[in-house]
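The data below hold one chain only, encoded as structure tokens and taken in the form predicted alone.
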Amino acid sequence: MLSPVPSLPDQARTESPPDLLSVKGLVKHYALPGRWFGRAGVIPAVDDVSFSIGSRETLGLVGESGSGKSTIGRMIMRLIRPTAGNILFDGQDWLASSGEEFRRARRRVQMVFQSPYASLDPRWRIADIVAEPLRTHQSLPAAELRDRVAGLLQAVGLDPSVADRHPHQFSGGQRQRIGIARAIALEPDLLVADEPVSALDVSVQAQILALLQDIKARGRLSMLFISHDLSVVAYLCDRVGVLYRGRLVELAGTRSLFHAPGHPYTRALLAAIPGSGQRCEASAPSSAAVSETGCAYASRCPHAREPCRTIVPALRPSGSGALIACHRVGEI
């Protein structure tokens, strides 16, 4: 079982290397359908989220279901368009690039999807699935392509002899290894991993996490790791961003966040981990609508006062070096 608290030294950045990815003011609203094809309003899935990922850094995004984690990952992959905000990749406007410029940059950003059952085409052989990005972005002789596929399968712990099989002949963990082989085929600079182990058994989760850690250690890979499981994030990530109802409430180095969480919601999440030693102070989720003018967590927070219900708190540095969106961070 993975330890809920990392034993390694804090991996927060002590220097300021150039950011590989910079997300600024990201917003995503979904329209609510009304009568006769009109709109009844919007649902704010992501609300003014900003963060960066440095070279060879792994940033974890955590939060409850519906907090906006996967939506952020899909906006970074350009699978959905943001309502507002900017994304810079290696200093370039990621959302504005198109044509051949985007094609060249796209190979540097790849994704591992949550479901190892839905993300692989059941009609394709494993060799074709893994070779797809190579065929799309490179012109390789058939023999070299076969060798590359064999090497990628070996890299994720699979025998190259399985290349002629189909996805239904594999377990969930093996399918996720195939998805990872496809994602690293082009040696990307950034890997977006969206809940890559949530659909797997605990023993298989540990194997996939060890594989991702090994891939990261052997290459120059940066990673956005999306998860609802804090113990998994503690094992793999250098820094952690905590999302609540589409807003980033805390951003800190992994060890700092686990040993000295600053936001009341972060403390509530940690208290849910067995053996964490954290005490839960939050109340049950409220059914009341979240105020657009106040803190989204105010209805559950035992420390909420009048400013919390009327003014949206901005992320600001705390004494520990973390960024925390809480009006009372210096008092509690």
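All of these numbers come straight from a predicted model, not from anything done at the bench. Sequential numbering from 1, following the sequence displayed.
Just so you know, the form predicted in complex with a small molecule exists too; it's not on screen, but the next bit is about it.
- From the list 164-172, 148-156, 68-76, 229-237, the contact stretch for the small molecule in the model of the complex under a 4.5 Å heavy atom rule is 68-76.
- In the model of the complex, residue 43 approaches the small molecule with a heavy atom inside 4.5 Å.
- In the model of the complex, the small molecule sits beyond 4.5 Å of every heavy atom of residue 48.
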